[in-house]
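Next up: a single chain in structure tokens, the form predicted on its own.
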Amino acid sequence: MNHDAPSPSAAEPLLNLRGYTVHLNSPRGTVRAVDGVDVAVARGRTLAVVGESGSGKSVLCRSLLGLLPDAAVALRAGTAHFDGVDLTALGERELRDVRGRRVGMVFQDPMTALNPVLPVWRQIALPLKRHLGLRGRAAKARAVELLDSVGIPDPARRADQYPLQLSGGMRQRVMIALALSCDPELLIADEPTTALDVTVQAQILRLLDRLRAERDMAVILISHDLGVVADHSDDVMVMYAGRQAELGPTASVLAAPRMPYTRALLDAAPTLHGPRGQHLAAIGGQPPDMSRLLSGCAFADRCPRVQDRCRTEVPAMTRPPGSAHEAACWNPVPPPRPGGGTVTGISAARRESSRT
């Protein structure tokens, strides 16, 4: 990835969120799943969104496209401008014109996202018919072209097969072909390699990189894997308990994290440089109950650098002089020593595992 290119704030953003908030109904009360997110994504760039399970990553992206049940959403506030149009102001019919046509989504598990009783080509043909008016032979021919573009061998034969007849890697490629069928401007990939072995993961991620560059798409990549983030994103947003913890160019955030939560995630990632038999670091404690109103920093109860102020005041995202990224912390992590090599170590570990 081109980590030296201008950040999203330096280019005209395709997607621009300001104060974006989503609260969900639950048996325990209202859950603050996404709490005041400010982020922008420019064309041709990849934004990685990372954090523990339950941090709000998937809710953030699904809510943008209206993919959450209406009964589950207690509040949706702030703005989400996509190419100048606020998605939060659109009704369901208008969102249908955006979904698939201008924004594509690759889901985490293709086995549940794909229809098991329809041949592959017919599933790809659905958005082609809905948005482009293609039917019959024209739709099937386009589906075969898309399967070929995502690297599926013998695409004409595979187009007539059912998802159960395909491997996990091929099913994920079908999902990508489906998401790209109408040439979207933004692709959201929700942990697209979770169920795949590391060799296939690397192939899928390289494919996404190539398609992004060829189509000048913006990409939002949701991932738990910091090796994936290091190698395949331009910018990264770290989320914790629905809030932003850190945001900026990937190289800057991973090489010199300021928020202790980001530092803890990096410490928990395996590298090739530690001594043999060394135990991986773990983050003690549990994430907070997001149905309760938090009076201070959400990470305070688990943070080794906690101060009294952290428990009473919510830290704002700030960028100190000389830093390339923002973080929300009252007592940030000191800058690393020169030559720390955090990004290099994580990337090397991932590349080594993909070769074995």
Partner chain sequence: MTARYLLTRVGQALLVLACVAVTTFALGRVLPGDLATAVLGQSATPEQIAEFHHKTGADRPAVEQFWSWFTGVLHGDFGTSALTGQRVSDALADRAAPSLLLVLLAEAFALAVAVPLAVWAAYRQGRAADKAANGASFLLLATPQFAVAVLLIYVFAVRLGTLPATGYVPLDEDPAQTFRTLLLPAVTLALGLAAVYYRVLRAGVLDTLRQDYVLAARAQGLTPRQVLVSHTLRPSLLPLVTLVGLNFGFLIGGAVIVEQLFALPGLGTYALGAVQTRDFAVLQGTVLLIAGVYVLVNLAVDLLYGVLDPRIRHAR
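All values derive from a computational prediction rather than experimental measurement. Positions refer to the first chain, counted from 1.
In what follows, reference is made to the form predicted together with the partner chain, a form of this protein that is not presented.
>> If contact means a heavy atom within 4.5 Å, which one of 62-70, 46-54, 33-41, 302-310 is the stretch that engages the partner chain in the model of the complex?
In response: So the stretch in question is 62-70.
>> Check for me whether the partner chain, as it appears in the model of the complex, comes within 4.5 angstroms of all of 206, 212 and 250 - heavy atoms only.
In response: Per the other structure, none of 206, 212 and 250 touch the partner chain.
>> Contact with the partner chain in the model of the complex for residue 91, defined as at least one heavy atom pair within 4.5 Å: yes or no?
In response: Residue 91 lies outside the contact set for the partner chain.
>> Whether residue 84 contacts the partner chain in the model of the complex should be assessed with a 4.5 Å heavy atom distance threshold; does it?
In response: No, residue 84 is distant from the partner.
> Does any heavy atom of residue 131 come within 4.5 Å of a heavy atom of the partner chain in the model of the complex?
Replying inline: Flag for residue 131 set to yes.
> Counting only non-hydrogen atoms and a 4.5 angstroms cut-off, does residue 136 reach the partner chain in the model of the complex?
Replying inline: Judged by the heavy-atom cut-off of 4.5 Å, residue 136 is well away from the partner chain in the model of the complex.
> 144, 150, 166, 105: which sits within 4.5 Å of the partner chain in the model of the complex by any heavy atom?
Replying inline: So the residue touching the partner chain in the model of the complex, by this definition, is 105.
>> Using a 4.5 Å heavy atom cut-off, which residue among 78, 155, 184, 127 comes into contact with the partner chain in the model of the complex?
In response: The residue from 78, 155, 184, 127 that makes the contact is 127.
>> Could you pull out the residues of 96-120 that have any heavy atom within 4.5 Å of the partner chain in the model of the complex?
In response: The stretch 96-120, when checked against the partner chain in the model of the complex, contributes 96, 99, 100, 103, 105, 107, 112, 113, 114, 115, 116, 117, 118 at the 4.5 Å heavy-atom cut-off.
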